[in-house]
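Just the one chain here, laid out as C-alpha cells, in the form predicted alone.
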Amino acid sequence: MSADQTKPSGRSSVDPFVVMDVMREANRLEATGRSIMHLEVGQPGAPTPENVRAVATEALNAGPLAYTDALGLPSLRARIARYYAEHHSVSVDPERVVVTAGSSAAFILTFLACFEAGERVAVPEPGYPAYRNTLRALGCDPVSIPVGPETGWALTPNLIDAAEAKHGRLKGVLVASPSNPTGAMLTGPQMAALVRHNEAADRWFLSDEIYHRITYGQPDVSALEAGDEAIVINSFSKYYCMTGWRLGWAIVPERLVRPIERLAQNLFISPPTLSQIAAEQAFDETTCLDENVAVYAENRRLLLEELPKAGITSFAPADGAFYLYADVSHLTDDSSAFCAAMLEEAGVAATPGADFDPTHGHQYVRFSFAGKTEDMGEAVRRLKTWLGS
C-alpha cells in the first residue's frame, strides 16, 4: 500500500491546542532542572477535596468498577439536577442530565447530535480553540465572530445577525460565561436576550459554563434560567478541582437525550465510574472549594496590581475564571515568539493569544492565575526583570 493511500485524514489536520504545546515545553525545561512558573495551563493548583478522594479510595478498595449507564449514574444525574435548583433556582429533570468523560466529550456528543456535516456554528473570537477545532474535525463549519472591548468581549444578537448575513445560515451559536481566555461574563439580561434571539431564529444555543462559581463580584448566570431549550455544558475540572478525573456533564432538551445516549453508547460506552462515584461528594465540598476561589481572587489582585509595573497594562475584564488576557501589542507583534522567549529566558510559561484568536491574537497573551499565590509573585518578579522594568 502506498504512502498516499495511508496518509492521515483531512479531518485530523486541525490546528494544535497550543497551550498543551507550551505545557509540554515547560515540562521539558523543568525536567532539565529549570525553575518554571506555570501560568500557561488552565487547571487548579489546589488538590481535589480530601473527602472526594476518600470516597474514591473507598470505592476503589470495595471491588470491581463496572460500566455505568451510558448517560451516567442515576444518583449523580439526580445530584447534578439538584445543583441547578440550589444554585440557579431552576428545575431540571434528571433525565435531561448527560454525564460525560469531561466537558470535551460533552461538546463532541452535543455537536454530533445537533449539527450535520457542513453546517455553520458561530463561536466567539477570542475563544476556547477546541470549539472551532472540534467542529472542524466533525466536518462542521465554525464561524468565528470577533468580540472585543466594544461589546464587553461578549457575543450580542447584532453580531450574530451580522455574521449570518455575511456567511449564510447559522445552525447554532456557542457562548461561554465566564469566558476562556478573557474572563468576560454575561449578565442575566444579556444571557436571556441571546437565548430568546436564537430560539426565535430556530438555532441551537450552547452555553459553556465550566467556570461557574469562579467569579469576582458578578453572579454566574446559567442559560437554563432563560429557558429549557438551551444546551448547557459544565465540568468538574475547574471549580471542583477534578481536572484529571475527566468528568463533565450536559443539560440538554428532552428530544436530544436518546440521540446522545446512542452516540455515547458507541463512542464512550460510559463515563469513568470511579470519577462519577467521587464527584457526587464534590457538591458538598463548597467550603474548601470557595477557599480556592479566594486564592484565585488574591492572585488576580496581585497580577492586576503588579503586571503594570512590568509594563503590561491592558487586560480583558477577568470577571470570572482564572485568566488574564493581556494586550502586549506595545511589546511584540508575535505573541507566539514572545511567549517562547519568556519561557526560555524568564522561566515563565504563558499562552500566546493566537491560540484563542488566529486573527488578532498575535497581540495578546493569556496568563493563568490558578496556581499558588507565591508563584504569581515570583512570575511577576521575573517578568519585571526580563522586561527591564
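From 1 onward, residues are counted along the sequence shown. Because the structure is predicted, anything quoted here is derived from the model rather than measured.
Missing here is the form predicted in complex with a small molecule; even so, the following discussion is about that form.
Of the candidate stretches 220-228, 298-306, 207-215, 88-96, only 207-215 contains residues with a heavy atom within 4.5 Å of the small molecule in the model of the complex. Contact annotation for residue 237: at least one heavy atom lies within 4.5 Å of the small molecule in the model of the complex.
Proximity of residue 187 to the small molecule in the model of the complex falls outside the 4.5 Å heavy atom cutoff. Residue 75 falls outside the set of residues with a heavy atom inside 4.5 Å of the small molecule in the model of the complex.
Contact check for residue 246: a heavy atom falls within 4.5 Å of the small molecule in the model of the complex. Listed residues 128, 153, 315, 84 were compared with the small molecule in the model of the complex; 128 is the one with a heavy atom within 4.5 Å. Checked against the small molecule in the model of the complex, the residues 104, 133, 273, 265 give one hit for a heavy atom within 4.5 Å, which is 104.
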